[in-house]
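This document opens with one chain alone, in structure tokens, the form predicted alone.
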Amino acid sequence: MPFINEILKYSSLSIVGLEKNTGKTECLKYVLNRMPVNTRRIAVTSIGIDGETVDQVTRTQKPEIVLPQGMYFATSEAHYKLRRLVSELVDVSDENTSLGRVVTAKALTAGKILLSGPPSATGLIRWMNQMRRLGVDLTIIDGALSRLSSASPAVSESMILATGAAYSANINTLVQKTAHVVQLINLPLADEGLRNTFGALDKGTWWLDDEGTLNELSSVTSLSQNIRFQGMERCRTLFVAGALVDSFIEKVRKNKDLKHVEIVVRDFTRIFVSPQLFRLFVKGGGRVTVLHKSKLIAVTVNPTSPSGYVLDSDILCEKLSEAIELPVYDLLKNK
């Protein structure tokens, strides 16, 4: 697949599923099997638990994770003891998880492993920085169910998105919902001046007037119901440090003084706006930009749902590719 070479252009990759059983683990397995571990130092971990043979929620069969010889990996102490490969211990972290400390090792033989690494974005970043100090060229992160935080540009430079029949059993609905997420991932960067102005603000809601003066809207967050947009006739840009939600964007959309405002958020993982409302906001003249963004390398599909319902893979790939203007891969079929 051409996206394998694209992965190697970046120092970090997240593989994220939009729902359980959308083929994320199969995608991880596909990528790991094609990594040039003889010429590159590559490390892998998971923000959840991956590698179990049976899904703990749906009780469906899952592909096991097989690491090639020479690959670095991080997992919990509990799962490290269950490894079926020979490894060289590299580090045992001070950070405790529900399954013990996070152990980093190098696979001296190929073999099977359960992956359950750092449970938070902060822990992931700390581990990735440690890998860079060890000379690792690429870190691969297996994301957890509905936790796009592992794909935040604060964590990884690039990402692969896995979607499929488990997300929706209707092709048109699946295409629309996936295309909305892809649209958010591909939101444009705010200009450099705005990135410098807002980059250090970690809470609150702020706005810039037409002279570039920074004002705090209020001490409340964008989730609050009592936000009032008053005296903002000169507002050109809004910055939401936390989550961007429907209620906030609806109030902005209905305010005549904010008809052409630009809303800036930290990254796409902070946006929780329905596709319909997002379209209305943009169609009405609004704009959303981000401080940080990742490169979306590929979208993969699993046309089979856990209940056994199967979508037409060719039609799904064709319709989704048209909607997002990116190649879409059914890895099991293409393999």
Partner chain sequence: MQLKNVIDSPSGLRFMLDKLELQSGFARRSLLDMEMFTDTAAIQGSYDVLRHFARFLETTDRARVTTLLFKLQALKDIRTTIKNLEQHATLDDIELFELKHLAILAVDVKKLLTEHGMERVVEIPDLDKVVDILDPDGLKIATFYVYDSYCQQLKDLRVQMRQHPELQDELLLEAGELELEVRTDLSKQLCAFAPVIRQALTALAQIDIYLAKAAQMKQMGLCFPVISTDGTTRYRGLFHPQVKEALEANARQFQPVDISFDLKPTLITGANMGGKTVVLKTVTLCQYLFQFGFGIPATNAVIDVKSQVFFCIGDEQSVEKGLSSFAAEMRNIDAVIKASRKERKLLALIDEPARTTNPTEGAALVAALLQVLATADMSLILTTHYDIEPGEARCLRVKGFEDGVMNYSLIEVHDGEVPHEALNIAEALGIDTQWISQARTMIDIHAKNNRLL
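Residue numbers count along the first chain shown, from 1. Everything numeric here is computed off the predicted structure, so don't read it as measured data.
Just so you know, the form predicted in complex with the partner chain exists too; it's not on screen, but the next bit is about it.
Contact with the partner chain in the predicted complex, judged as any non-hydrogen atom within 4.5 angstroms, is confined among 101-109, 189-197, 204-212, 233-241 to 101-109. Using a 4.5 Å cutoff between non-hydrogen atoms, residue 80 counts as a contact of the partner chain in the predicted complex.
For the chain shown alone, residue 87 is a contact residue for the partner chain in the predicted complex, at least one non-hydrogen atom being within 4.5 angstroms.
Residue contact check for residue 133: one or more of its heavy atoms lie within 4.5 Å of the partner chain in the predicted complex. The partner chain is not drawn, but in the predicted complex it has no heavy atom within 4.5 Å of residue 274. The partner is absent here; in the predicted complex, the one residue of 250, 157, 91, 257 having a heavy atom within 4.5 Å of the partner chain is 91.
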